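Given next, in structure tokens, is a single chain: the form predicted on its own.
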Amino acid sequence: MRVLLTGHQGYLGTVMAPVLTAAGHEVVGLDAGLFADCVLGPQPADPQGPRVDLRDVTAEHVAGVDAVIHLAALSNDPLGSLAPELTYDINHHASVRLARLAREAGVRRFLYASTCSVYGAAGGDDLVAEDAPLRPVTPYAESKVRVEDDLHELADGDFSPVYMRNATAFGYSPRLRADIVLNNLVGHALLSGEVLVLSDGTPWRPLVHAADIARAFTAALDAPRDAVHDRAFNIGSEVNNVTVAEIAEQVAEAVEGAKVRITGENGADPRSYRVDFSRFRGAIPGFDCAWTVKQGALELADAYRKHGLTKEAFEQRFTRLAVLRAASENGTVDDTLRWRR
């Protein structure tokens, strides 16, 4: 297929593009480029595609495309809370507009990167499946719920949206993010000798490696229509349902000499949930995630050492909120996070 990959210069997109290409698809990128320079290691080889804000996409950008994989978004809870109105403008309204343009252009499959954060304050120890009540507790998660609802209304005999509710991502990408839990704890352990947890460590988190997300999207792209049409899927593995304290212990095992320190200063995080991932395995026979949290911690520690991660880069270049604040303060972007011309 000819696949439009939005957010191809992001953390996940940089991992996903070569996986799609290896599967035989022609990949066209689309990205605002806000995080294109967040590179750790060799410069990645990006697919061709325009630098364009998601809010400025036109029919021309989806012309001749067979499928869309939509990753582009303001991509975490702190960013969403910093500017809720921009989060809804970009993550919700612009995403639905892209889907409408895609449907009008004859795109047949639209894979949407949602999140397990839609379960938010699920509570309890029972596994949460896709038909569980959605209880988002942040503007980021709420925006994802709204998009899923609106895409459902667009689904028809020719246009198949699929809602890929990713667990919290981890693992090395040439365009690194240090503001997601495992990546952050490994970096802090290497740079300070301490695995620092600011919550009380009790919340449950479902985790999934970036490479497993890429494999899941590729499988969903190639799946029979009836298996995925207008369905939500949790993406991850039950073995990676872990508490934050357990994540910290696995990081300490991966980084020799690092000690765990749980301060509890931020209290108990209301976002706590364990997730059932069996629906996707049922829809895609033979699919399962390959990476464990422990393997990911070892991979990250090795990559951080190999590519010379520094404290300044860890805190500034690879933290989304810091990147956007710096761009705003130096006038590179305006108040709407668009590039200044």
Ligand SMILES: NC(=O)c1ccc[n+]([C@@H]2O[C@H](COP(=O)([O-])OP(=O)(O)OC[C@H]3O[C@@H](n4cnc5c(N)ncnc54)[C@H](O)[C@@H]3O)[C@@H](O)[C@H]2O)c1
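Small disclaimer: the values here were computed from a predicted structure and weren't measured. Start at 1 with the first residue shown and count on from there.
In what follows, reference is made to the form predicted together with the ligand, a form of this protein that is not presented.
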With the distance limit set at 4.5 angstroms and only heavy atoms considered, check whether 74, 115 and 320 all reach the ligand in the predicted complex. yes
Choose from 58-66, 281-289, 31-39, 307-315 the stretch whose residues reach within 4.5 Å of the ligand in the predicted complex, heavy atoms counted. 31-39
Quick one: of 53, 276, 26, 299, which gets a non-hydrogen atom within 4.5 angstroms of the ligand in the predicted complex? 53
Of 168, 87, 160, 199, which residue is found within 4.5 angstroms of the ligand in the predicted complex when only non-hydrogen atoms are counted? 168
Please check if residue 140 has a heavy atom lying within 4.5 Å of any heavy atom of the ligand in the predicted complex. yes
Test of understanding: in the predicted complex, would residue 103 fall inside 4.5 Å of the ligand by heavy atoms? no
Looking at the partner-bound form in the predicted complex, is residue 209 within 4.5 Å of the ligand by any heavy atom? no
Can you tell me if residue 177 lies within 4.5 angstroms of the ligand in the predicted complex, counting non-hydrogen atoms only? yes
Partner contacts in the predicted complex for 8-22 (non-hydrogen atom within 4.5 angstroms of the ligand): 9, 10, 11, 12, 13
